[in-house]
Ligand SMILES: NC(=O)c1ccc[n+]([C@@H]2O[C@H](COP(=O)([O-])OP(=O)(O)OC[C@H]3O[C@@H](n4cnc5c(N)ncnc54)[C@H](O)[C@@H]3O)[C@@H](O)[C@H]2O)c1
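Here's a solo chain for you in structure tokens, the form predicted alone.
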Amino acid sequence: MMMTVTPPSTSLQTVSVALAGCPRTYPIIIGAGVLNNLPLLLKIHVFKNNQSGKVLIVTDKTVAGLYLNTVENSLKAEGVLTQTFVVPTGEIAKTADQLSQLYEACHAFGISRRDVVLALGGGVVGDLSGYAAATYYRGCQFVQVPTTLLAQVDSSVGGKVAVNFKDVKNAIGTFYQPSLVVADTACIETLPQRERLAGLAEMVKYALIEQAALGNETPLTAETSFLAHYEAVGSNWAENLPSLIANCCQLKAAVVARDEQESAASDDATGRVCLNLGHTFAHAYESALGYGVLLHGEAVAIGLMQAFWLAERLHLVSTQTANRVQNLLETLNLFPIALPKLPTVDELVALMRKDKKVLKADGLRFVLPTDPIGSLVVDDTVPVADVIAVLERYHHAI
């Protein structure tokens, strides 16, 4: 069934991503119904000087049934030449084989460097499309139209694009910024509750890294803390969705502006590495269970709790702090996340050793929280015994 998004909102929000040392910025346009403004936004931000080009729409089977008709018709009505490439739904689409087929589609459609690869979907579609856009003819224009909550607050912003290889998530990738991000919050209404919660987990991550994301420049208070706001709205978080999404995007934009390609010193927790809080654990669970079995946001929820438990063991945060985070995750139905099967601890540790963030063989590298919440450190010598204890603690909790 085709879905029609709601009329454009009169209160759209715009977040600008400004890259350090680069005059180019790009906007993230957020609001209900903004998808209907896509042709105008492309004309303003992508097809400048009254020029136009082709648009290759990349989407998955699920999203195609919801929004493809709306996007195709709106673009064609403005005389934009379009073609569509549909991939399977889920992580199975983020492979070298699908990438090769997407290159074939670019070639058949005659995509040039001035033309657009437009990602219509969640993080998988965005990652696959972005890597193709970055590498076809050494880079054509790229537009993100995220339709999942997780993609709207995280994966569509910042330019990380990749595909999986073997048992390593995002093993083949690069950094390639979009020219435009269009986040229609009305799309969230069509998501299953499970996917909404998966997106919420990434949103909570931003609350837990807020001080680091701001570069430690703006001291937080109970009144200004993103975390305190989450605790106040609790299970009613969806009522404030556009502003919450904008807050997440503003924090990520601040990080990306300082450190676009995670090139800051490895021990600088205010660089892009801060976005990895919980992700070393998360990626291990995703890989161990098989990509697509556990949603990325679900894995992140697990990883966030384990990161705070690990920090508690290493005396970086108090037990009170760890309990505060657990209480919030429980309130938001993000703890505990049930697993369809229980990976062995040895399997998870082995996968963590393969993580691209690991630097040394005698320890594991983690981004870890410190007191007060929002501050982080990077430790590349975390004892494996402590990691094992945290993994076992979570497995006992479920």
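Here the structure is a predicted model, which is why all the values come from computation and not from measurement. For clarity, a rigid core is taken as the largest C-alpha set superposing within 1.5 Å between two forms. Residue numbers run from 1 along the displayed sequence.
One more form of this protein, predicted together with this ligand, exists but is not displayed; see below.
Residues with any non-hydrogen atom within 4.5 angstroms of this ligand in the predicted complex fall in just one of 99-107, 316-324, 169-177, 243-251: 169-177. Interface membership of residue 122, defined by any non-hydrogen atom within 4.5 Å of this ligand in the predicted complex, is confirmed. Heavy atoms of residue 191 reach within 4.5 Å of this ligand in the predicted complex, making it an interface residue. This ligand in the predicted complex comes within 4.5 Å of no heavy atom belonging to residue 36. Heavy atoms of residue 62 reach within 4.5 Å of this ligand in the predicted complex, making it an interface residue. Using a 4.5 angstroms heavy atom cutoff to this ligand in the predicted complex, all of 66, 127 and 195 count as contacting.
Think of it this way: in the predicted complex, this ligand has a heavy atom of just one of 208, 212, 151, 284 within 4.5 Å, and the residue is 151. Exactly one listed residue, out of 72, 260, 91, 312, brings a non-hydrogen atom to within 4.5 Å of this ligand in the predicted complex: 91. Core-superposed comparison between the shown form and the other one: the CA of residue 120 stays below a 2 Å shift.
The rigid-core alignment places the CA of residue 200 less than 2 Å apart between the shown form and the other one.
After superposition on the rigid core, displacement of the C-alpha of residue 182 between the shown form and the other one stays below 2 Å.
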